[in-house]
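As structure tokens, the next two blocks hold two forms of the same chain, structure 1 and structure 2.
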Structure 1
């Protein structure tokens, strides 16, 4: 079953770019990604640009309305995602705990609905 791993953190809460801690985190991401690829369960994944690049679209009364920014005011923002093909939720949760941002943010794990 496919699971989506939504990676959230408060902006500025993790290691800052240009620091040794940031490089260590990026090495952790490379290691995690290589591990799930080698295991044959990687389906997709990517980091997202910052929330200052987000645009939200709503259709009300047949008219599209756009606003700058994410759909909700929140302290934690979506920074990236993975889609992995795991045998069950327990395996998915075990992988979620290995995603580096779990150390200072949160990882939401959701099954992908099969249509």
Structure 2
């Protein structure tokens, strides 16, 4: 059985970059990742760029609508995810518009942080 883990937190609520607390948190992430990797249960995982970089795509009446920012409809719940390797945001947005749920829900496109 595969499970997806969705990591939520308010922007800026955690330890700030450059502080010892931040380093401690990063060490925590590293040991967690290594732990699940060693246990052979790691499938995929990566941090995302900030909410500032999000773009949302919806298809209504057959036309793709692109807006700045994350999805905002609180009734919509996360139903799945893809990680695709695209050459730029335009290519990513073109794929997003082809995901069937875009026709009634929203697809939030966020760059995966380069590590």
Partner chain sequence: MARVRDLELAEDALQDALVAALKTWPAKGVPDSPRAWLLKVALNRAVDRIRRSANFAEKREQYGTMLQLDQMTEPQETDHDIPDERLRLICTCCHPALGEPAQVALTLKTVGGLSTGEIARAFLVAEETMAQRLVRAKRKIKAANIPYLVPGAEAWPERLDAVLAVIYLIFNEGYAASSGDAHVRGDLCREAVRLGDILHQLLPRETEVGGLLALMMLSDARRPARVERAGELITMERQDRRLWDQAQIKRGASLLIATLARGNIGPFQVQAAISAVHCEAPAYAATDWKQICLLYEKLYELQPSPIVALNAAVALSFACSAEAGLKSIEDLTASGELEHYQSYHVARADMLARAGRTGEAADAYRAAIALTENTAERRHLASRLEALNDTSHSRHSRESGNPEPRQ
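Positions refer to the first chain, counted from 1. These numbers were taken from a predicted model, which means no experiment stands behind them. Between two forms, the rigid core is the largest collection of C-alphas that superpose within 1.5 Å.
Where the criterion is the form predicted alone, structure 1 meets it and its counterpart does not. Positional change of residue 81 between structures 1 and 2 reaches 2 Å or more at the C-alpha, relative to the superposed core. Superposition on the rigid core between structures 1 and 2 places the CA atom of residue 106 2 Å or more away from its counterpart.
The two forms, fitted on the rigid core, differ between structures 1 and 2 by 2 Å or more at the CA of residue 93.
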